[in-house]
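Just the one chain here, the form predicted on its own, laid out as structure tokens.
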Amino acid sequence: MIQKAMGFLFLFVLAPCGIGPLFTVGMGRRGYSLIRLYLSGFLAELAVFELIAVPIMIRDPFGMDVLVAAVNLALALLMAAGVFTAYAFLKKNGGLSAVVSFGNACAKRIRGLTWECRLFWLAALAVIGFQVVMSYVYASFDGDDAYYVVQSVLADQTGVLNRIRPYTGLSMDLDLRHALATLPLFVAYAARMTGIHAAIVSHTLLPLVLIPLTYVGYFEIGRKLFSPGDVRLPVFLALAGIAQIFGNISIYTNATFFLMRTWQGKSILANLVLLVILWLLLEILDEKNGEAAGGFWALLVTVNIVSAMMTSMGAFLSAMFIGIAGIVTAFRKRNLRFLFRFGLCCVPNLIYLVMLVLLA
């Protein structure tokens, strides 16, 4: 029980919150948000895992123990850097008095909401909470579990990284079509750290984190479309949640994947990663952010790495999305600087795709 609690606390609380300031400090005043800090830190945690897991997996078939140690060390160092960054930032901007002022401003903003707005916020939170509870109570089985979840179980229990065929249990060469998307290995890593079975991590633990984080993405997009005190913001979140609940009109909709295959890479890519990319593009292209956009650029590079972690196709799709945005922005603003910067953000995707071709 102690291992489960400590492992969960480290992976899903301390590491994201400790790493988050590395991004939010560079987002200006609107970066002072705990949910934005957590979202940034969690995505950075996934990106770090991808960067470490791929070379270890290629070079060492029995490298699970090395992978766990390397990721823990990297996360600890990034947490230390994040805590130091947050401390330096607070010290520069008034220390604890700045935290108190921020808390007072948040409380004042909440008290200033109309009764109508509060009612819709309760409705939005109820819709989101309903999905989280139902995903936990009625965890659904999917045919892809026979491959992806078994990959996680094998990596955790045998220490072998993607060299055992999940369907038969026989040895095989590295399956490059799936292996470079290391989400199943992250599940195995979470299982090793918490002592929880990898299947339970996939079906029960990850949805508790991923579903709320997806609505953080919707919330950030809503904040760009509406002001924070606007009643349309909670209405937007509530409608998005209702659309997800009643979106199971076929097995191919994003709503079906979101609530019934939450732990799969293609679901996370479509419902979280691309959503975050859309939000970051809105922030970067907002001229009011000015120099504060640096944190958003850094997070965009991080999210691109995460897209490759989810599925091999994700590296191509996210790069194409950002590339089209860069071309349109460059023509609209008559400034090739945006195209160049967006292109640099896609360098991790290019390296990933080249690696995929060379290793095939």
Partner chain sequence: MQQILAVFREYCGSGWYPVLFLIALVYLLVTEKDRKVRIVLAEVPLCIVLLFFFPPFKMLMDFLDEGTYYRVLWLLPMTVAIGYAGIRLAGRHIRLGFAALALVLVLTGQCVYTNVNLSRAQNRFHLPNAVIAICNEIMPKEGEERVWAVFPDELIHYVRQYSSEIQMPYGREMLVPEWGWNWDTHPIYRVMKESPIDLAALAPLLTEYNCQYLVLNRSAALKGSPEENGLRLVSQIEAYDIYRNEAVEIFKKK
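Numbering follows the first chain given and starts at 1. Quick caveat: nothing in here was measured; it's all calculated off a predicted structure.
Unshown form predicted together with its partner chain; subsequent notes refer to it.
- A heavy atom within 4.5 Å of its partner chain in the predicted bound form is found for one listed residue only; from 91, 109, 224, 118, this is 224.
- Contact annotation: of the candidates 164, 125, 210, 113, the single residue with a non-hydrogen atom within 4.5 angstroms of its partner chain in the predicted bound form is 164.
- Figure note: of the listed segments 135-143, 69-77, 181-189, 82-90, the one touching its partner chain in the predicted bound form, with heavy atoms no more than 4.5 Å away, is 135-143.
- By the criterion of a heavy atom within 4.5 Å, residue 235 is counted among the residues contacting its partner chain in the predicted bound form.
- Though the partner is left out of this view, residue 169 does reach within 4.5 Å of its partner chain in the predicted bound form, counting heavy atoms only.
- When contacts are judged by a 4.5 Å heavy atom cut-off, residue 311 counts as touching its partner chain in the predicted bound form.
- For residue 33, no non-hydrogen atom is located within 4.5 Å of its partner chain in the predicted bound form, even though that partner is not displayed.
- No residue of the trio 9, 47 and 59 has any heavy atom within 4.5 Å of its partner chain in the predicted bound form.
- Interface residues of 242-279, taken as those with a heavy atom within 4.5 Å of its partner chain in the predicted bound form (partner not displayed): 242, 243, 244, 245, 246, 247, 248, 249, 250, 252, 253, 254, 257, 259, 260, 266, 269, 270, 274, 275, 278, in sequence order.
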